[in-house]
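We begin with a single chain expressed as structure tokens, specifically the form predicted on its own.
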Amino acid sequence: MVSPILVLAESSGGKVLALSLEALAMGRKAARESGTSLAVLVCGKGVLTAANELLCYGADKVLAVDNDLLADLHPDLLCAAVSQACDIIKPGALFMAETLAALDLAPRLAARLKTGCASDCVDVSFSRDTGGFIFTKPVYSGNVMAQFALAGEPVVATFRARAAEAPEPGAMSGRVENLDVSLVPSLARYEVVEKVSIDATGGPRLESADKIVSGGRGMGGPEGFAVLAELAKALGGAVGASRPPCDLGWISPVHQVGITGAIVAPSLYIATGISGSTQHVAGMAGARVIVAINNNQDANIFKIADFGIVGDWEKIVPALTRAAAEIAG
């Protein structure tokens, strides 16, 4: 029998992240195809509420590592906790959503476990010929879909946002099991002395936002992103950006969308003053509906847009904001 699938779920404010539920859906698919069981692991301080929520999503087992030292999810301590959990559970594969924390954790963990790691995956399947999992991920700026088989156990994989639909909650079943791991402060090789927020726009996290309003060099300066933030707020979405505005310091790099930034797949993506470079398009082409606003009718972004508006964003974006606010009431 194939070893169980383990999904690492993240939570915030007692709620499981939507992206983690999508990773859980991938775990269910892999478990079903390979005929094995599915367990979910949640780590942190005060995570029992989130752990109980996970009982509604079809996992065979929910495990919780509730430890004061994990309050800030320090990378060294989180890696130690998950590594010890793997030693206890002995999963065949460990899945997690492609979050900033996971991008840090996955390679650390794979190195510690001496196993293979694949990031930014969009699918997984089970090969009965090899008895292992095959991971699919885009390469060459999204122009080619490549498949990878990983060595070692458990193999580690992160999954891109919207790679799978999050499961709907059902009846609660099973129970949460507390997992004891050994953590000491000295495992942390550096100390967090201060937390500084560099996101002044508010709104949901970029990687989990259902609606994103992005700007490019065509915004002309940081003032333009304040206008986009108003539209994002009216839509209940997040603000994104192509690379040039981030490099120019108009907006924090945490908002960057593209190969070197966040890979997103919201239901609505509004690209404003963005030319449509390969680097940027590879990070947002998975959006369900793309609206492009640009005063250059020959801009590449129009080639992938579902709706295109040729004109001055300074007139168009405020009009969209007013319309969105009126609809929202």
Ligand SMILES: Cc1cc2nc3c(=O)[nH]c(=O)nc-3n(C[C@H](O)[C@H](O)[C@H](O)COP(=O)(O)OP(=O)(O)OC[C@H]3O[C@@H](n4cnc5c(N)ncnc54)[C@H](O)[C@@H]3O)c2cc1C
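All residue numbers refer to positions in the sequence shown, first residue = 1. By rigid core we mean the largest C-alpha set that fits within 1.5 Å across both forms. Just so it is clear, the structure is predicted and the values come from calculations on it, not from any experiment.
Another form, the form predicted in complex with this ligand, is not on view; read the next lines as being about it.
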Problem set entry | Placed ligand check: this ligand in the predicted complex, overlay by site C-alphas, backbone/C-beta within 2.4 Å | open
Exercise. Can you check whether residue 265 is within 4.5 Å of this ligand in the predicted complex, heavy atom basis?
Worked result: no
Exercise. Do residue 306 and this ligand come within 4.5 Å of each other in the predicted complex, heavy atoms counted?
Worked result: no
Exercise. Applying a 4.5 Å heavy atom distance criterion, does residue 67 contact this ligand in the predicted complex?
Worked result: no
Problem set entry | Proximity of residue 54 to this ligand in the predicted complex, heavy atoms at 4.5 Å | no
For this session: Would you mind picking the one in 162, 233, 243, 137 that has a heavy atom within 4.5 Å of this ligand in the predicted complex?
Result: 243
Exercise. Of 31, 63, 299, 47, which one comes within 4.5 Å of this ligand in the predicted complex, counting heavy atoms only?
Worked result: 299
Exercise. Would 256, 275 and 294 all count as contacting this ligand in the predicted complex, using a 4.5 Å heavy atom cut-off?
Worked result: yes
Seminar exercise, completed: TL;DR on 276-284, 54-62, 22-30, 37-45: the one with heavy atoms within 4.5 Å of this ligand in the predicted complex is 276-284
Exercise. Using a 4.5 Å cut-off on heavy atoms, what residues in 300-316 are near this ligand in the predicted complex?
Worked result: 311, 312, 313
Exercise. Would you say residue 94 moves between this form and the one not shown, meaning its CA shifts by 2 Å or more once the core is fitted?
Worked result: no
Problem set entry | Core-superposed C-alpha of residue 243 shifting 2 Å or more between this form and the one not shown | yes
Exercise. Is residue 15 one of the residues whose Cα moves 2 Å or more between this form and the one not shown, with the core superposed?
Worked result: no
Exercise. Did residue 160 and residue 259 drift closer or farther in the predicted complex, going by a CA distance change of 3 angstroms or more?
Worked result: closer
Exercise. Taking the shown form as reference, are the C-alpha positions of residue 264 and residue 109 brought closer or pushed farther apart in the predicted complex, with a change of 3 Å or more?
Worked result: farther
